[in-house]
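The data below hold one chain only, encoded as structure tokens and taken in the form predicted alone.
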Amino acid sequence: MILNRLENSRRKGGQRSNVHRNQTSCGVRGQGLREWPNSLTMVPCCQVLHGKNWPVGFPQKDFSVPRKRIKIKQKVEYLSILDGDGHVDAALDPKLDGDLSLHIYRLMLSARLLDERCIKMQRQGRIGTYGPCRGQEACHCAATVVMKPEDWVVHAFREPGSFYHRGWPLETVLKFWGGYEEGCRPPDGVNDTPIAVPIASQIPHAMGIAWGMKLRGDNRAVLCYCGDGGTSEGDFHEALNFAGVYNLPVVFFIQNNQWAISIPREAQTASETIAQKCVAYGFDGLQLDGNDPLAVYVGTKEAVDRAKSDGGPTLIEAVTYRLGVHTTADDPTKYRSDEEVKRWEKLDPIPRFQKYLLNRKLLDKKLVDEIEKDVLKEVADAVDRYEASRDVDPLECFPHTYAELPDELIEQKEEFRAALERENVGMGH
């Protein structure tokens, strides 16, 4: 069409067309003349590409485009402080005070013992499907203690120690896994989001909270938990891109437990690390030993302090391992070997941290037994409170979505009521 317009213009003006000659002047097949918008001026492609009248592909004096490595200012580091036997690198030891150290240990033990009790309860039909965290306790327990009450924590679902530290009663967590919506509600005054089982759906929420903080000028930060499988979701990349562009005060904490249900880490991404994905979004990353509570604490605190100093987001990859099942509906023997699990059991974070505390004389055998006894009682009491609060009308699942129930839900409600009466099922079931 452009050439026809030019030819018509030539005929009207009595001018000769140079179209064919100029089309070959670049000397490159497929590269001809360009018409600028709203004009019939035709220029060679070489001028568009190089800003000068020199054919593409031809040598030219004093002109070169050397290949060179692009300098990336973002950095990705690795951090580990404790070895597998609980020995510490003295130069890196944060030397946390005794109370905080014992608190982290207690949180980790609480998560482990609650896990064990919940699995038994699920097998007995006393709660629904449960997602344990055995082996990952250091990730969330040592990270969440960094956050102040005014900060926000955005959870996934495998962080019971974090819930407990942030003020969630253990029976509330039990209610969630028992199918009660009340179990998804953070306590009043606690800056946490609800438990999120959908993969990576919580990450844009964390970014949004951080953006709100920045707009208001709050000196706060957001800590967001996610699993390695979540890094394959679009929500992950969209949130990180936005956080990088707007330099938001958020720490994305990825618990890389090596398996996204039955999908191994190497099938998730070809990246050498998950931490390096930060480079694409313009901020720093850190890979750390997720079974080392000291490394988790130090790495998270550095990231949170940087976020509160207008240093922007950080992506943390905590390398850990899910020692148990993905959920109680899972059979990991179908996709991983016992040998692999045994290798990781040697890096179990609880005995590893316990050895460190024993070496520091913050723990002794008597105190270890006392803490375990206290935690077992706390878990047992929480189970009693949970089961005492189950006097709930099953029909309560209907009225909380719509202001007025649509006809199809009214029909389903009546059908459900009839089924309950037929099966003689009453309150609390």
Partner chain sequence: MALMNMVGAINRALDDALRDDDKVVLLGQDIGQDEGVFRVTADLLARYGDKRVLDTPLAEGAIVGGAVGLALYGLKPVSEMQFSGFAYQAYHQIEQHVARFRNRTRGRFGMSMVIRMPYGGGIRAVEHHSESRETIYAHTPGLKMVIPSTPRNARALLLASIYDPDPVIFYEPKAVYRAFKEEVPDDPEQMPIGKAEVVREGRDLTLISYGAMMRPTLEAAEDVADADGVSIEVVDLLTVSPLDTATITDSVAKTGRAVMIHEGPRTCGIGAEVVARIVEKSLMHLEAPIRRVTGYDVQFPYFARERAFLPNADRIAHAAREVLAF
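Positions refer to the first chain, counted from 1. None of the values given here were measured: they were computed from a predicted structure.
The protein also exists as the form predicted in complex with its partner chain; that form is not presented, and the subsequent description refers to it.
Enquirer: Thinking of 98, 354 and 372 as the candidate spot, does its partner chain come within 4.5 Å of a heavy atom on all of them in the predicted complex?
Expert: The answer is no: none of the three residues contacts the partner (heavy atom, 4.5 Å cut-off).
Enquirer: Mind telling me which stretch in 359-367, 393-401, 374-382, 66-74 gets its heavy atoms within 4.5 Å of its partner chain in the predicted complex?
Expert: One stretch meets the cut-off, namely 393-401.
Enquirer: Counting non-hydrogen atoms within 4.5 angstroms of its partner chain in the predicted complex, say which of 246, 335, 344, 78 makes the cut.
Expert: Partner contact (heavy atom, 4.5 Å) among the options: 335.
Enquirer: Between the options 325, 280, 263, 119, which residue brings a heavy atom to within 4.5 Å of its partner chain in the predicted complex?
Expert: By the 4.5 Å heavy-atom cutoff, the listed residue in contact is 263.
Enquirer: Is there a heavy atom of residue 232 lying 4.5 Å or less from a heavy atom of its partner chain in the predicted complex?
Expert: Output for residue 232 is yes: heavy atoms within 4.5 Å of its partner chain.
Enquirer: Consider residue 83 of the chain shown here, and say whether it contacts its partner chain in the predicted complex, taking contact as heavy atoms within 4.5 Å.
Expert: Outside the cut-off, so no.
Enquirer: Does the 4.5 Å heavy atom contact test between residue 184 and its partner chain in the predicted complex come out positive?
Expert: Yes, residue 184 lies within 4.5 Å of its partner chain in the predicted complex.
Enquirer: I'd like to check something about residue 276: if you look in the predicted complex, is any of its heavy atoms closer than or equal to 4.5 Å to a heavy atom of its partner chain?
Expert: Because no heavy atom of residue 276 falls inside 4.5 Å of its partner chain in the predicted complex, the answer is no.
Enquirer: Determine the residues of 157-184 with a heavy atom within 4.5 Å of its partner chain in the predicted complex and present them in sequence order; the list may be empty.
Expert: Sequence-ordered list: 176, 177, 178, 179, 180, 181, 182, 184.
Enquirer: Thinking of the 3 angstroms or more shift, are the C-alphas of residue 208 and residue 403 brought closer or pushed farther apart in the predicted complex than in this view?
Expert: Result: closer.
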